[in-house]
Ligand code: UGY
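A single chain comes next, written as structure tokens; it is the form predicted on its own.
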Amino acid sequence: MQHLGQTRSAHFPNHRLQTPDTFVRAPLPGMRNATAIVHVSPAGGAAFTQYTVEFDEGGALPPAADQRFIYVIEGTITVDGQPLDQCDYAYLPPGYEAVVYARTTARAAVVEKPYRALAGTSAPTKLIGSESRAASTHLNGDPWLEVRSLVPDDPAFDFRVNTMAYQPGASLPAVEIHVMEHGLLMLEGGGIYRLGDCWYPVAAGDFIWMSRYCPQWFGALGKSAAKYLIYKDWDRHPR
């Protein structure tokens, strides 16, 4: 509920915080028994599109012209008849003719972007995976900060998607300023995010867009772990 127009959401040229109280739902063309919350797109200054799909049972998401990454937040969906449960994911190359169906009410995070080919490499093919089976590493050796890479470390892919899990009190080791653009969806817990010169409390369900060179830092707060899904462009020369 909004109170006299107050919200944690914020929008600046180099970042955006979008909180659930400001979400607007609208179906995208071809969706059936489903709706979308578009978090960021080229219309808002990004080089990619990220949205959350909310499926009713039997809902469907049509094929995309661009490459697509799908991460299941809750419920069960199918890709080419293969079921994907919570924390499972799929990569679909550009123009892949697969309709995504929901076996149950479900929610999924979707990233779409035009593919940038790289000389000497072949375009990637369909990939199905599960976060629980993805190799985990500790950022800078910190056992309280776990990273799982959901897209292979392969130059055929022009982006990466990771989950990052922080134990309470863990934080990024430094403020980062870099050429990569980010889309970030908070999945669990919460903490404090620095974006540019602003500091925001964040919680599960929030979305953050960070433009190139936006100063950024996160620290987890509370009694439970914080986890987010994060996209970045990668393995291509910056334009």
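Residue numbers run from 1 along the displayed sequence. Since the structure is predicted, the reported quantities are computational estimates derived from the model, not experimental observations.
The form predicted together with this ligand is left out here; the points below concern that form.
- Taken together, Asp21, Ala36 and His39 are entirely out of contact with this ligand in the predicted bound form: none brings a heavy atom within 4.5 Å.
- This ligand in the predicted bound form is not approached by Arg68, whose heavy atoms all lie more than 4.5 angstroms from it.
- Under a 4.5 angstroms non-hydrogen atom cutoff, this ligand in the predicted bound form lacks Ala47 among its neighbouring residues.
- Shown alone here, Ala10 lies farther than 4.5 Å from this ligand in the predicted bound form, counting heavy atoms only.
- This ligand is not shown here, and in the predicted bound form it never comes within 4.5 Å of any heavy atom of Leu61.
- The stretch from 24-32, 50-58, 168-176, 199-207 that comes within 4.5 Å of this ligand in the predicted bound form, counting heavy atoms only, is 168-176.
- Proximity to this ligand in the predicted bound form, defined as a heavy atom within 4.5 Å, holds among Cys87, Val161, Ala98, Met164 only for Met164.
- In the predicted bound form, the residues of 209-239 lying within 4.5 Å of this ligand by at least one heavy atom are, in order, Met210, Gln216, Tyr228, Ile230, Lys232.
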